[in-house]
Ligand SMILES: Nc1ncnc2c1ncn2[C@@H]1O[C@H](COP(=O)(O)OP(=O)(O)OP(=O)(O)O)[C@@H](O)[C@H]1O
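First, one chain by itself in C-alpha cells, the form predicted alone.
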C-alpha cells in the first residue's frame, strides 16, 4: 500500500496553469477575453491579427483609454480587475469582463506582451509578462495585447488543438459574435498578413441592421423579420429568420444578454418553441436576439468562460422570448413591400397595403409593449378576422369554398393586382394556383395554404373545451420510471384535457387507456412518454398548447382542400384573400412553404429579355 502523501500548497505557477485550463481552451478563448477587455476599455475600433489560426500569434489592438504604466504589472496578476470591488458589484455586473483572471491565465500558458498608452502619457509603455520588464514604445492611445506561442509550456494541451484552419474558423466566429452586438465599434481581422474581414462602425437607428448585413450577409435580412418587445424589466429586440431561411445546422443562432453572447437553454428553448408550429422537420432557425434586462436579475458569474448565465426568473424570460419571436413570425410577409433591409431607418416594418385591408390587422405582432410580464404566460392574442369568402364547416366534413363573384376592394387598392397575393389566373395540375400581383407571378400550393387557414381557424375557435379522446380496445401497458409514475399521478387533470387517460398499474408500470381521437392510430406508449417528459420539463401549459396544436393540425390536414380538385377563379381568389388575413400563412402546418413569388425580372432573365 503506497504511503500517504503530505498535503502542501501548490506553487503559484502551477496554480496559474490550472486556472488557465478553465479559461483558455483554444486560441478563440484567448481572443474572446481580449475582445471583452477592449470593449470594456471603450474601444471604437479593434484590429485582430492572427498567425497560424492564432496558435503562433494573437494580437488585439484597440483605441480605448489605455492602461497607466503603474497599473500594467497589476493587470496581469490573478484576481486583479478595475470592474468590480465588492459583492454588490458582482451581483450587478454590467461589463463584459469582471473576474480579473484572463490576462494572468493567458500569461501562464503563452508569451504575453502588453503595450498601452493613456491620454496623459507622452509615449506608450510595453510590458513583457514573463520577465516583468517595462520599457518605452511607440503607439497611439489605446492598448495592444500580443499572445505568442500559445501552450508552448504545456505541450499536452497543445496536442488537443485542431488544424490551423479549424482554429481560425473558431476565432472568426468569436469576432463575429462580438461584432453583431457592437455595431458602433469597427472591427478588422487579419490572418497571415491578409485582411479577411473589415466591418466599419455604424450609428443611428439602422445600425444593427447594417451590422447584421455586413457580418451575416444581406440574405439574412431579406429572409428575416424584426422583433421588438417591452416586458416590464426586460426588452427583447433583434431579427428572427423566416422558416424558409432555416438551416440544417444551428450555426446562425445568436443570443445576447446585456450585450454578452450566451448559450442558454431557457432562451434557446423559448425560441425553438416559437418556431415549432412553422418549422419543417429538424431544420434549425436562424436569429439574432438581444435581451436587455436589469443586471440584478441575471447572474453572469456561473461559468469561467462567461458564456452561461442564470436568470432570477427563468419562466418570465422563456415566455417573453417565445412571445416576442412567435408574434413576429405570426405577421404574414405577403404584403411587406419594405423588407427588413439594412437601409431601413425604422427598426420596425414600415406600413404596407395590408394596413388598409378590411380584415383586422395583426397589430400586436411586432413592436408591442407588455406592462405586466405575467400577461406573457397566457395564450397568445389572436386577432385575425374570419373572411366570409371562405366557409369552413366541421373539421371532418367535406370542405366547400363559397363562390363570391364580386370581392370588395380594400381601401387604397384600385387594382386587383395590388392585393399582396394578386388575382388568380389559373390552376396548374390541380395542385397549384397561379396568380398575378404587382411584382410578377405568385405560385400557391393550394392544399398547404388551405391547411394553414383551417388550422389557424381551429386554433382561434378553441375555447378550452379539451381534446376529444378515444378509448383503446386494449390498454397499452408499459414499464415506467418513478418520475413518470409520479408525473402521471400529479397531472391527471392535465392529461385528461389532452385526451390521455394514463392510469398507474404499479410503482413501475403505467397503462394508456385513451388517446386523442385524431392520434388514435399512432403509438400510444410513445405519445404518453413524450407528453410525460414534456410535463416534467416544461410544465402543463406548454404541453397543452403543443398537444392541442398537434391534434388540430391533424384535423386541419384532413379538412383542407385536396389535390386534383378543380376550383373556380372565385374560389381561388377567396383562398388568396383568406391567406392574406391568416397568421403564419407563409408555411403550412408542417413548416413547408405555401407560396412563392417569381418576379418579372426573374421571368425576363429566363427568357433573356433585354439582352
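Numbering follows the first chain given and starts at 1. All of these numbers come straight from a predicted model, not from anything done at the bench.
Omitted from view is the form predicted together with this ligand, to which the following refers.
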| item | value |
| --- | --- |
| Touches this ligand in the predicted complex: residue 29 (any heavy atom, 4.5 Å) | no |
| Distance check, residue 167 to this ligand in the predicted complex, heavy atom within 4.5 Å | no |
| Residue contact check: residue 97 to this ligand in the predicted complex, 4.5 Å heavy atom | yes |
| Interface membership of residue 102, this ligand in the predicted complex, 4.5 Å heavy atom rule | yes |
| Stretch in contact, per heavy atom within 4.5 angstroms of this ligand in the predicted complex, of 49 to 57, 582 to 590, 62 to 70, 560 to 568 | 62 to 70 |
| Candidate from 81, 327, 213, 273 lying within 4.5 Å of this ligand in the predicted complex - any heavy atom | 81 |
| Candidate site 7, 33 and 41: all three near this ligand in the predicted complex by heavy atom within 4.5 Å | yes |
